[in-house]
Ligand code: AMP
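The chain below stands alone and is given in structure tokens; this is the form predicted on its own.
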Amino acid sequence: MPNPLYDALFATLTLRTNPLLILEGGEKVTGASFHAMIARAANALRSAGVQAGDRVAVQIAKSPEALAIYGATVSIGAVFLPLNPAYTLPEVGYFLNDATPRLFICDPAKAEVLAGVAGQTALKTLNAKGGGSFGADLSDAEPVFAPEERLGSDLAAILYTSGTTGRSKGAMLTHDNLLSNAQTLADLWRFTALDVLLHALPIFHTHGLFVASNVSLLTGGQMIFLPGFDAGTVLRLLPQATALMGVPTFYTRLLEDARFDHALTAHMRLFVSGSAPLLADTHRQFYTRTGHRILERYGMTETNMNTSNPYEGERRAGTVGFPLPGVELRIMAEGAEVPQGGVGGIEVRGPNVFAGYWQMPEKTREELRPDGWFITGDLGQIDADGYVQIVGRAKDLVISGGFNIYPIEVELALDDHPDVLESAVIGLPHPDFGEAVFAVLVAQKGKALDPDAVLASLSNRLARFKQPKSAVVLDELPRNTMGKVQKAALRASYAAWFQPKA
């Protein structure tokens, strides 16, 4: 009986005697052992009453067992719902109430408090070492099972968006969505069974689960499966790897360590960055230090990956490359495509695009057109060579005195200041201009920033209406777990900056 994701990612593991996972301490999990873990998890889920179409929510630490639960869930035809361990009690309550999962698996240390928001959902526990009530179920379960028949159009997962502009939305992803994207990326990035992927990403997110894990599983490679990113651990284990997928913070932290150099990375085949914009300066520093050019790509919860810089050819700093094979991308403004080089909203269409938002038909209609084009909410432009550049989020566009200001243009100018490590530009309410441009700066290590002097340096670089009217200096920018700057939090913190004082 066909089950697209199980057949492509997990079925062949039964015959695999070499390692699939290499853990931080050097322990190895063979493919066959991992498949037995999936089988035990599948039987444990079924014993808990999970049936095809049911949701299985998990808020647990990254571990081989956690990855096996993903494999087991899709194998029995259920829908996987991973939740960030950092989510608060009210957030988890919202997700459980909205998705109505059959089973919720959480950390034993949080079980008592989470039981209060679980409602009618059955609750089991699992910790990073395999302990907890579900861990006991795994030990007791049989290591063989029969997968459930599924269609490519059946749901495999629901991932909730960050919800920075309102209620979080559950993006419904099908077997075909996930499998088509993994197949495209594996081919485009030349992954094979000879690859060893250093996996330090979380697996509650598209990047770590549906890009890193799926691509490696699909191609028969190995994963050095770390619980999280630690620069020292990554440097120690890098000689065993051929590829690393990370967020920009991974690369800036590695560049801070003098051990990270050309010799340490000479054997590496590929470094990939995503989930947040990679500064062009980081791209250049990385090449100078290692001789490798980071491959930056662009994706989102609702679509997995949309574009990628080329494996062979110029990996252009400040861009996210070209649309993936089979994926269409266009730049739209006021209902029409903009001329090449113009800025507008990015829309994408392809087999990677999600099936809609869980129990939100009105939101689905707003953002997913009947002809399959998805309105991403990102602003972008395409240069003369076809490279896509992300200008920012539509909601981050600053309209000051009737002029449109794209934050990235101002940020790039600020980041060029020798004492500025990075910046974030936002719009704040202003009594005269409607919105005013405001900059949040972070200093280079060991430097003291005078925000007024930094702003003065822009006088001959940017039109006056684009120049920030004020700036502050922070030790670091607020970011989510995937490294994205939380501009909504900055706007909230400084909302009254330009308002008349009482």
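Treat the numbers as computed from the prediction; the structure is a model and nothing was measured. In this text, residue numbers run from 1 along the sequence as written.
What follows is about the form predicted together with this ligand, which we do not show.
The shortest heavy atom separation between S423 and this ligand in the model of the complex exceeds 4.5 Å.
Although the partner is absent here, K484 lies within 4.5 Å of this ligand in the model of the complex, judged by heavy atoms. At the 4.5 Å threshold, heavy atoms of I405 stay clear of this ligand in the model of the complex, well away from it.
Heavy atoms of S75 never reach within 4.5 Å of this ligand in the model of the complex, leaving it off the interface. In terms of contact with this ligand in the model of the complex, the residue from A136, A276, M360, L188 that brings a heavy atom within 4.5 Å is A276. V320 is the sole member of L178, L201, L244, V320 with a non-hydrogen atom lying within 4.5 angstroms of this ligand in the model of the complex. Residues placing heavy atoms within 4.5 Å of this ligand in the model of the complex fall in a single listed stretch, namely 299 to 307, out of 259 to 267, 214 to 222, 299 to 307, 88 to 96. Taking a 4.5 Å heavy atom cutoff to this ligand in the model of the complex, the contacting residues in 382 to 396 are I390, R393.
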